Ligand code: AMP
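A single chain comes next, written as structure tokens; it is the form predicted on its own.
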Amino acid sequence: MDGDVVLIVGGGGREHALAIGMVESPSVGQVHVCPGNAGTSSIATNHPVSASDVGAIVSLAEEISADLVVVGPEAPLVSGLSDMLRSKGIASFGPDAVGARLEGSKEHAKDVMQTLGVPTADVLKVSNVSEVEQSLDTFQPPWVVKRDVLAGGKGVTVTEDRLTASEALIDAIESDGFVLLEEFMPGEEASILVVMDESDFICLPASQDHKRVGEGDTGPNTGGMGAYAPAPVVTETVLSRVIEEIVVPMHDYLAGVSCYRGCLYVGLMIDEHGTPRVVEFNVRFGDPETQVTIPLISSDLNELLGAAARGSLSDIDVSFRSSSALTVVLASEGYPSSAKTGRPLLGSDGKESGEERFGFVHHAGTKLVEQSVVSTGGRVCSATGIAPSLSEASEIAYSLISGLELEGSHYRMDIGHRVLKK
């Protein structure tokens, strides 16, 4: 088959969304995924190679003569996967290890933001257990405690309970040597995925994730229970400020210190006055934000990511659908504390087809066992709808998820509530 050979690294819902986008790209001939999941196996070729085994990934890329490698998770980027691929002459969508430190170390990210004047929360580094109580007096509750490690989006504690905050600080100091205590930023969260290389950057439609496990944004934090895009809280005025005050300084900085060819995930808090500040940077596509962002790209996804991977982003144009997208995550029983796995998932091939209204099930923690789909993780899959309006996209997503059967599973019924209730 004519066209590029693309290898996608990872096995979650983000990677399934990327695989769908690549399969639909006119310039792509073959799509491979490692390790992939049950969803990617139906549209691409899965390979039993761990996303953390950078040496094996490079060997696989050489074996299949990959024209482009798209790296989903952050850990292999921090470990230098893109550096190794580029040393072999293989284009990689993902920053080098120097650029990936933005996510690998929250302390480093804070230092960069403070040096560049990028708006963010005030922060205090706490290195001694004896300093914990005095440190808590520095900020008003709620307290925000951040570990300086890769924690899959779960290394943060936000609490109004002083004892809980104190215990989180002490645990982190004892395990990591130090911890960051941050000022709490009130407002509404949003995320902007920015595709960038040294030549240019392109902001994808803003999205909003739903982190809490329970409806009404209650209960413990998760990796994300759903998302929608575009997020109306990111108005044209807010976006222009984000670009001017955050994206441009970061792009200029990264172009000078690293080979940053990939996605900069800008996690934002937008206050009641429309002032944006950075909650965090990630160095890859978010999950579940990718599931609602990639379907809104109407031009060739491979051309976009491939141009960034080769440093020629300024040479291409990107177009987007004037649609809305919404995704709802189906989680295993016990998630996020102790997820039950190994259970059959029925109805996981559901989809809705059409020009303006369509939807599909994005697989995440799934695998095929003797032609049956079984759960392998906490976030098992998500149902995604795309339509002219957010309410229609919501209808599609919830129609699809109601057709899924997984013993003990749960999902939120209020994804998009900040917009849909208005």
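Just count from 1 along the sequence shown to find any residue number. All values reported here derive from a predicted model rather than from experimental measurement.
Absent from the display: the form predicted together with the named molecule. The rest refers to it.
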*Could you check which residue among D148, E189, D83, E198 gets a heavy atom within 4.5 Å of the named molecule in the predicted bound form?*
E189
*Single option in E352, E303, E245, E280 placed near the named molecule in the predicted bound form, where near means a heavy atom within 4.5 Å*: E280
*Where does the named molecule sit in the predicted bound form: which of 247-255, 313-321, 179-187, 339-347, heavy atoms within 4.5 Å?*
179-187
*Considering only heavy atoms, tell me if A121 and the named molecule come within 4.5 Å of each other in the predicted bound form.*
yes
_Residue-level question: is Q140 within 4.5 Å of the named molecule in the predicted bound form, judged on heavy atoms?_
no
*Would N221 show up as a contact with the named molecule in the predicted bound form if we use heavy atoms at 4.5 Å?*
yes
*Does at least one non-hydrogen atom of V156 fall within 4.5 angstroms of the named molecule in the predicted bound form?*
yes
*For 79-107: residues with a non-hydrogen atom within 4.5 angstroms of the named molecule in the predicted bound form?*
K106
